[in-house]
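Next up: a single chain in structure tokens, the form predicted on its own.
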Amino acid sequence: MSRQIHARRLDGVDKNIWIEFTQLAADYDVVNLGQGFPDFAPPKFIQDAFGKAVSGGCLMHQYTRAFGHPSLVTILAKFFGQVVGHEINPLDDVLVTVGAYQALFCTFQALVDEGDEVIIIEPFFDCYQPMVKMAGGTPVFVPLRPSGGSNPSSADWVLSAEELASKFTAKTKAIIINTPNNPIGKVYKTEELQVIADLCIQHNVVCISDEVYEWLTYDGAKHVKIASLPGMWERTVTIGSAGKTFSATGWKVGWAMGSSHIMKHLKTVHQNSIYHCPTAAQVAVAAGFQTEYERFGSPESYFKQLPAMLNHKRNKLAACLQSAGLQPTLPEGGYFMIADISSISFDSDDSVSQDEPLDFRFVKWLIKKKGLAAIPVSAFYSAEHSKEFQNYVRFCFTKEDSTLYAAEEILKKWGSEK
């Protein structure tokens, strides 16, 4: 066939880090600290809510409101209204999506036009760049850079206000941030968010704030919603995830939230693609948020219990990585921890191209030779900056203790062999 069969918007966006390394981990049957999902069950109260929804009669198995089940958008508006300090209209300001992924896709498709520039702060979740390109936009990258320190923390990774300001032009349509950040775990401070907010207001730019790990913060770090800052509600789309909130990533329930004058355009994309999301899962998530609304701030809240549990796992993994000679960066939030591999010597096999970045070669060696899966951090950077950050790999600590113990044994054995 002489005619090109695929659309040009797919050029250059066909590769996916998760497909490559998930398959590699499966081929070698490894201890998987690569993919970012819990291998433990969601809390019982939300499992029970899902069971109740599924057995709740005929309507739980049929279509529901296109932009979100009434019970879910109502509690999301009520819950986050108190967090943001702004009244949220459940019918106008909230869109329920098939996970945060679809919320992001709807946002880029609805707001980014041919020739628009979108500022992406690096490291970034890998779908941002291809989604911008598929919408016809041009990604513009600004990296967080480590400022050093004897006990590396994600707080050490900072954004240059001058460099960021230099990227705003007449073509800038949006900026996307991720806090807590995947992969480094940085939680943006209020003053850092204010720098971004001031530039958005000055240049009339939309802020897309990916906050799927918002409840997972450690060591006193506080998550602040940029939409709560003065002048930002009307120019921010906030992305959330029930999967990350309730440790139920397979349910694929997410949302986008913002002012109705923006959200109406996301809804147009949604109604012409997905149309609506599974009914029973939405009802279950609504019940989960209602429970958390009643428990908010108390020791019984899952939003208190989960980060406390993960903090222990985080510290355990950090100690294990250090024992093997890696230098971990302690995350302030999220599921993940990065580690510096620059001091590690390893012999990659002949099947791995030496032209590949160091972290790609290291992760493939780690999977094949040590039976432990991780993710190369340079995959979270643009081509122009990836070489600066190829000395890091990412590990997920949101795992059962048995999984972390298995990883610990691998790391201890590796450390003893040196």
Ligand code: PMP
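The structure displayed is predicted, hence computed values, not measured ones. Heads up: residue numbers just count along the shown sequence, starting at 1.
There is also a form predicted in complex with the named molecule; it is not shown, and the following applies to it.
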Exercise. Open vs blocked: the named molecule (in the model of the complex) superimposed by pocket C-alphas, blocked if 3 or more ligand atoms lie within 2.4 Å of a backbone or C-beta atom?
Worked result: open
For this session: Please check if residue 316 has a heavy atom lying within 4.5 Å of any heavy atom of the named molecule in the model of the complex.
Result: no
For this session: May I ask you to check whether residue 252 falls inside a 4.5 Å heavy atom distance of the named molecule in the model of the complex?
Result: yes
Exercise. Would residue 182 count as a contact of the named molecule in the model of the complex, using a 4.5 angstroms cut-off between non-hydrogen atoms?
Worked result: yes
Exercise. Should residue 99 be counted as a contact of the named molecule in the model of the complex, where contact means heavy atoms within 4.5 Å?
Worked result: yes
Problem set entry | Contact residue in the model of the complex, from 129, 238, 329, 178 (heavy atom within 4.5 Å of the named molecule) | 178
For this session: Go through 216, 200, 339, 104 and name the one with a heavy atom inside 4.5 Å of the named molecule in the model of the complex.
Result: 104
Problem set entry | Candidate stretches 318-326, 151-159, 239-247, 134-142 - the one whose heavy atoms come within 4.5 Å of the named molecule in the model of the complex | 239-247
Exercise. If we check the named molecule in the model of the complex, which of the residues in 210-240 reach within 4.5 angstroms of it by a non-hydrogen atom?
Worked result: 210, 212, 213
